[in-house]
Structures are given as C-alpha cells and as structure tokens.
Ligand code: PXL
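Quick heads-up: it's one chain on its own, the form predicted alone, in structure tokens.
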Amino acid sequence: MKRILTIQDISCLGKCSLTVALPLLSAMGYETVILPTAVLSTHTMFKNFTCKDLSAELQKITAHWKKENIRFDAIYTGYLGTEEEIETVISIISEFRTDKTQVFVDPAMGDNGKLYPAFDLAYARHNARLCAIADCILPNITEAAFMTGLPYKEEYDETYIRELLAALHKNGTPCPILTGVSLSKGKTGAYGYDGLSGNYFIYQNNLVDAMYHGTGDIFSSVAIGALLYDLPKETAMKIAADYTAHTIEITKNRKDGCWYGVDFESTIGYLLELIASNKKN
C-alpha cells in the first residue's frame, strides 16, 4: 500500500483541505498521513471562525517521523498560510524525498484574478519556489498568472493556456496542470503539459452551474490519487473532473444540500466505480 503525506490546514467543520483529502485518498486505497498546518473551527466562509496556527509543530512532528524512519511514496501540499510555512514545507520535502517519492503541489492562493486577502506578490513568489521542486502542480489560471508574472485573462484561448503551461514548466515543474480551464461555452476541465514526453493533454466536461467551497480540493485529491495509480494523465484528469462535477450536481439537486460544501461522502461509491472502469480500459 502506498503511503501519502498531505500537508495542509484542517477545518473541524467545512469539507475542504484535509477533511476532503484524507477520506478521499483513503477510499482510493492509500495510507494517508496528515500534517496539519493550522486547525480552524470552520472554514473561512463562516463568520467568527477560530484558527490556531501549527507552524511551530511541523518540524517537531517530522523530526519524530525521521527517528522512526518513516518514508512516503508521495507528498501532497495544499493551502499554506504564510511564506515561512512554505519555506518549512520545502525543507520537509527535502528531508523526506527519495528518488521514488512523487511531489504534488496545489498552490491554493487565489481565484478570479485575485489573490486571497491574506496574500501578496511575495507570497506568490514563494509558492512558485515550492512549485519548482514538485513533480506535478495543479494551479488554477489565477495562481498560474501570479506565479509566472503573465497577465491574468478572463477571456482566453488555447494559445494563452499553453503560454501559462510553458512558463510554469520553465519554472521547474515537469508536469504543470491548469485547472478550471474553459475553452468553449458551457465546458470546463483541466489542461496539462507532460515535460517528459513533450505532449499536452486536456479534458473538458459540462460545467455545472453552481459554486461550492472545497471543490478544488476534491479535484486535486482525486487527480493525485488517480495519477498514483500510474493511469495516463488525461485519464486521471477525466476521473477527477467527472467525479467533482457529479458531486456538485448531486449536492445542487438535494433539497437539504449543504451550503458550505459538497456531499462528497455520498458519492465515494461513484468515485470507486470510475476508477475501476478506467483501470480496466
């Protein structure tokens, strides 16, 4: 059984970050080890949430793991709250990485052309440093633009997407994958570049007209889990995109649908069916 370390915050209530990554990766058959960077009472869509930063604990925890000779087949990072935390995570990756360890980064820091309120350009540059040492990254278009210095565009074509991918690859990432890419009306998905083969890959499915917190975490977690099955990259993107869209649709159509996140718990069976069918093909 492969062992994955995922490093990101945990909301006690909220269906995002670790409370998404842990159950989904476990359901996909991986031993999932967590390294919480902060603990929040709820995610940030709630008012008056509490937050306890755990940055000071990260190196203590990983020092214990080193003494126990713990190894990881993959390391997956998500939302990181400060520049200092990014640098600590870069150090942790260096300590635990072997020639067989795959590193995945979801540089969660912005959307819709803007960084999240707590972040600035210096933070984006630190995230670019983290992405440079990863085997595969999964930024959205906003995050890619801030990390590369290219202009953000709400309306774009395939040429622009390839320019972003080329800049991310030049930064050091062998396999950049852009999420939330829409190349035609009513469609969305992912567009990536495999630096080893020199090939681009793309998957588009129908856009579900609804917005929920945590769906990016779902996509990334499932995509990374699928990639670790050694499935073709376009197949991994298809599984992640179709599962995310299906889960949004199910949540949207439920009268008692949860406003603060999607009902991914009820669709895990569908995820396992997707994986099984694609493994056979």
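If you're wondering where the values come from, they're calculated on a predicted model, not measured in any experiment. Each residue number is its position in the shown sequence, starting from 1.
One more form of this protein, predicted in complex with this ligand, exists but is not displayed; see below.
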Next on the checklist: Please tell me which of F201, Y123, Y79, F72 lies within 4.5 Å of this ligand in the model of the complex, judged by heavy atoms.
Outcome noted: Y79
Next on the checklist: Between L227, M28, A241, L40, only one gets a heavy atom within 4.5 angstroms of this ligand in the model of the complex; which residue is that?
Outcome noted: L40
Item to check | Which of 132 to 140, 190 to 198, 83 to 91, 207 to 215 sits within 4.5 Å of this ligand in the model of the complex, heavy atom basis | outcome: 207 to 215
Next on the checklist: Contact with this ligand in the model of the complex for L231, defined as at least one heavy atom pair within 4.5 Å: yes or no?
Outcome noted: no
Checklist entry - Does any heavy atom of V33 come within 4.5 Å of a heavy atom of this ligand in the model of the complex? => result no
Checklist entry - So in the model of the complex, does C16 come within 4.5 Å of this ligand, heavy atom to heavy atom? => result yes
Checklist entry - Quick one: does Y116 come within 4.5 Å of this ligand in the model of the complex, counting heavy atoms only? => result yes
Item to check | Residues in 42 to 72 close to this ligand in the model of the complex, defined by a heavy atom within 4.5 Å, in order | outcome: H43, T44, M45
